[in-house]
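There is one chain below, alone, in structure tokens, taken in the form predicted on its own.
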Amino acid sequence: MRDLPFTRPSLGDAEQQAVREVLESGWITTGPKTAQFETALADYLGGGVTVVSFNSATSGLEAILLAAGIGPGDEVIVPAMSFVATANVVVRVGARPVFVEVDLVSRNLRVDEVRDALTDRTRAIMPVHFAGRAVDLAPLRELAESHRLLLIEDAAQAIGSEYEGKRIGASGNPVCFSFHPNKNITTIEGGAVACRDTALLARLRRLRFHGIERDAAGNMDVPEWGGKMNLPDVNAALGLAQLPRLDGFNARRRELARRYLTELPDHPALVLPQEVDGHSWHMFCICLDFEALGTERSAVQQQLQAVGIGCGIHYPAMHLFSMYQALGYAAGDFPVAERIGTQTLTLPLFPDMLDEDVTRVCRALMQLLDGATR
């Protein structure tokens, strides 16, 4: 019986050939392949957006905040449930992350919580499309517009997801994607920002490469600080090979997720995610009430690992990390995020899985649930 990790990138001959061609070309850093990837991704997203690539989604989010002039004294509203990079980039630019509660099933932030968290120091709202399920953007857009706030979408997990029939990233406000190996397509490491704001885009390009600007004759100037956040051609070539496969990958992810939802039992200790239109199913995360089952998460992980099934933990509640407790956050501030952080378990989900792999995972979980309730 083969080992089943919680995720695995889908890489084949096309990806190997694309990388080989770049290596043989002698030009492996940022160049023509990166430009082609940015154009191809913008065409895929639609909406007339322009794409600027980065060496990670984290760099992209940081660059958006810097380009928007967000810094010390400012506040950015973020969900209490996400990968810690979402809040870390806010701290990195000197601003304060203001956490808000999330929904138990979608794990996305709620607009009422955002509204209550607004202050005269709020500069931006940063929703996260958790596991590929789109946040309800319409009320957030209305709220951001009425308070003249920047809406920054952390779509690290949502490449190929849709909201109201349009792809996430086509909206025109800054939207950031990740192409880490555990994402729905990969460039090994990498990210991108989609946007229609030409001034913001110009600053993003400067910030990602030492603040450098060149005129038509190639003369160089450095009008502001910039980092080293560029995506190399060898990574972009992999992305160019992966992008045409994205819709197929996501279709298969949806099939596997539906199978999970059909085969997993209705159990009082189990909270399942929900299928909605436009979901790209980056992950399949459940909540298990380990205390009610008389066990611990580590024990369940060990039992699953013993039969060759890997799983992840996505994620601990961010406000409970030491750095954020030092900012004044504490246990009890966001009970739903804390419950998710304590009970979450990420089950295997990737396009190369077989239907019987899902059945195998479900049977193993049902045996654990049955044994715990006897």
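Residue positions are given as counts along the sequence shown, with the first one as 1. The structure displayed is predicted, hence computed values, not measured ones.
What comes next is about the form predicted together with a small molecule, which does not appear here.
- When contacts are defined as a non-hydrogen atom within 4.5 Å, all of A57, D154 and H180 contact the small molecule in the predicted bound form.
- A residue is said to contact a partner when one of its heavy atoms sits within 4.5 Å of a partner heavy atom; G190 meets this definition for the small molecule in the predicted bound form.
- Proximity of A85 to the small molecule in the predicted bound form: non-hydrogen atoms within 4.5 Å are present.
- Mapping the unseen interface onto this chain, A257 falls outside it, with no heavy atom inside 4.5 Å of the small molecule in the predicted bound form.
- Contact between I125 and the small molecule in the predicted bound form is not found at the 4.5 Å heavy atom cutoff.
- Here is the short version: of L45, A317, V52, L61, the single residue with a heavy atom within 4.5 Å of the small molecule in the predicted bound form is L61.
- Comment: 75-83 is the region of 75-83, 265-273, 199-207, 289-297 lying near the small molecule in the predicted bound form, near meaning a non-hydrogen atom within 4.5 Å.
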